[in-house]
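One chain comes next, on its own, written out as structure tokens in the form predicted alone.
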């Protein structure tokens, strides 16, 4: 698929549906049914630090770090509607952030060798150029700066959420509906629209980080305690969540 067409279609989706996602999947949450920053402590002490969020959405994660006395708040997002929401939300909470409307793949006015933290909460997977995006992020960070990102776990897309066409959990066995090795783009209907994503192998993320000059400090793929221990919930979604990771999160340091 053509990268420009993919970005344009996904951008249109976010401009039209930003209201629906306002405030969802934001720090201290890293993802769906996933352990939180309160447990992981990936950011440690951000007081006086400069932070940049890739795919900043409605600004809730920026506020979270602002509440912890980050010195500078920067956000990048492809959707002008998302940035309008973020600007208003941060203003109402007494914060000002430098917000840029661009794709993560583009060259922008973001300063290089400047940030202590660059992070993305459920945003990186939207990129059409993973390696190029990681190299840009590395350029934004100071030496020893930290890059944190979360996304859907790769296996989450290999075992479909939908059980309309077939039962995906049978006798406590999962049925794969997509090859783990298939990294081609696919279309997914969401609301009254359609988005385009690529399901990348975990090794693809790891190797791209290494090639961009990062050292991985932690990789977490742990569903939260409630998901793992709520045996009374017998729904397909809950049973899958007890057997398969739903989200994943990386913490890496720039060499």
Ligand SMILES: C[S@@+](CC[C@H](N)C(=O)[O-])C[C@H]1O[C@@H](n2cnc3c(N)ncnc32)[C@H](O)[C@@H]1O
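Predicted, not measured: the structure shown is a model, and the values here were computed from it. Numbering follows the first chain given and starts at 1.
Form predicted together with the named molecule: not shown, discussed below.
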Open item on the list: 79, 105 and 126 - do all three of these have some heavy atom no more than 4.5 Å from the named molecule in the predicted bound form?
Closed with: yes
Open item on the list: I'd like to know if residue 235 sits close to the named molecule in the predicted bound form, meaning any non-hydrogen atom pair within 4.5 angstroms.
Closed with: no
- [ ] Please check if residue 55 has a heavy atom lying within 4.5 Å of any heavy atom of the named molecule in the predicted bound form.
- [x] yes
Task: Partner proximity in the predicted bound form: residue 118 to the named molecule, non-hydrogen atom cutoff 4.5 Å - done: no
TODO: Flag residue 26 as yes or no: does it have a non-hydrogen atom within 4.5 angstroms of any non-hydrogen atom of the named molecule in the predicted bound form?
DONE: yes
Task: Option touching the named molecule, based on a heavy atom within 4.5 Å in the predicted bound form, out of 134, 122, 157, 140 - done: 122
Task: Residue stretch of 43 to 51, 201 to 209, 58 to 66, 219 to 227 approaching the named molecule in the predicted bound form, non-hydrogen atom distance within 4.5 Å - done: 58 to 66
